[in-house]
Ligand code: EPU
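Shown below, as structure tokens, is a lone chain in the form predicted alone; questions about how it binds or moves come after it.
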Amino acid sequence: MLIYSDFSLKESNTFNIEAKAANYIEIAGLDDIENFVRKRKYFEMPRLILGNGSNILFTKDFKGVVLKNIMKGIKVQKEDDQTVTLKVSSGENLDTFIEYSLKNRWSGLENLSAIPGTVGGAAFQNAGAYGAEMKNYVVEIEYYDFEDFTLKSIKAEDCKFGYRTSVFKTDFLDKVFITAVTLRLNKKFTAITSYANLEEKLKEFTVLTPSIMRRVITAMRNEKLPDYKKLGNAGSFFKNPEITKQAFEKLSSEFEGLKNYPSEDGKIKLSAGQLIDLCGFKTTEAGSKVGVAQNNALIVINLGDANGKDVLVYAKKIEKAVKDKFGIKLEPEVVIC
């Protein structure tokens, strides 16, 4: 196991923000985790577990140790006529895994296509897109517990999955390292088409297949999200806010045409992108280092040479504008470090 000092994280985050890790270790397997634990000097430092860096904003250098997850491996555990259960190493690229699963005619995750994260990261925050969520396919999650130095697993029903969150993002944050995610995928394809724009795009197809769904969803994401290699971003910067039906009725009487979707707990989910757009953030000021994507105001972008503090200041400006205009507090989906 190699330990790098004063390591640049610019290539390890999709915002393309320059930040340094005082110490950087790549974790390729359980042996690397156990070796890290034995090095007390580094184990006792503040730690940050990093996947593809597609959901993080660095606002400063990290003074502790960054554990970069590069764990790989896919193993079929069991299968029958209807489903297949696979144990997937947490460092596997999510989109690459989805492509692999469809080649094997295993469906379920196609609606999450083109999300630039890892399988472990997707489970960590219960990634979701176009009507599907990671939690619907997770059976259990394996993790290494830094508090008692043992390998454990937790069933999906105990993971406290919610809207872009899980127990790993709350109670277990920085206390464990996700090593693998067990997923149950389907052999019989059932299309999830409830997302409004997706349903419209699919009308031209008389027969739907998982591969067609993947192709259409990938195209839709590419239309809405700038290429992070050209314009740094972390996808949706904010969560879509949820409000009560009574609050929505009051708000919609003042602002007509607000996009809204039913939430699982009976609340109404609003479009954060629309709220930001209505606050006038679609037009980027000349000379600005930070802006929002022209096709989706929910995407905060690094226009070239912004640092993390520049992005955070701009995000706070958006939060204040939405709060002042609509009385709604936006909550970041991105992890701010």
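For clarity, every value in this text was computed on a predicted model and none was experimentally measured. When you see a residue number, it is the position in the sequence shown, counting from 1.
Just so you know, the form predicted together with the ligand exists too; it's not on screen, but the next bit is about it.
- Each of 195, 259 and 296 is positioned with at least one heavy atom within 4.5 Å of the ligand in the predicted complex.
- The shortest heavy atom separation between residue 234 and the ligand in the predicted complex is within 4.5 Å.
- The closest non-hydrogen atom of residue 182 lies beyond 4.5 Å of the ligand in the predicted complex.
- Put simply, residue 277 is close to the ligand in the predicted complex: some heavy atom of it is within 4.5 Å.
- The ligand in the predicted complex is not approached by residue 135, whose heavy atoms all lie more than 4.5 angstroms from it.
- For the candidate set 228, 163, 144, 172, a heavy atom within 4.5 Å of the ligand in the predicted complex is found for exactly one residue, namely 163.
- Residue in contact with the ligand in the predicted complex (any heavy atom within 4.5 Å), chosen from 201, 214, 224, 87: 224.
- Partner proximity in the predicted complex, defined as non-hydrogen atoms within 4.5 angstroms of the ligand, places exactly one of 73 to 81, 121 to 129, 154 to 162, 185 to 193 at the interface: 121 to 129.
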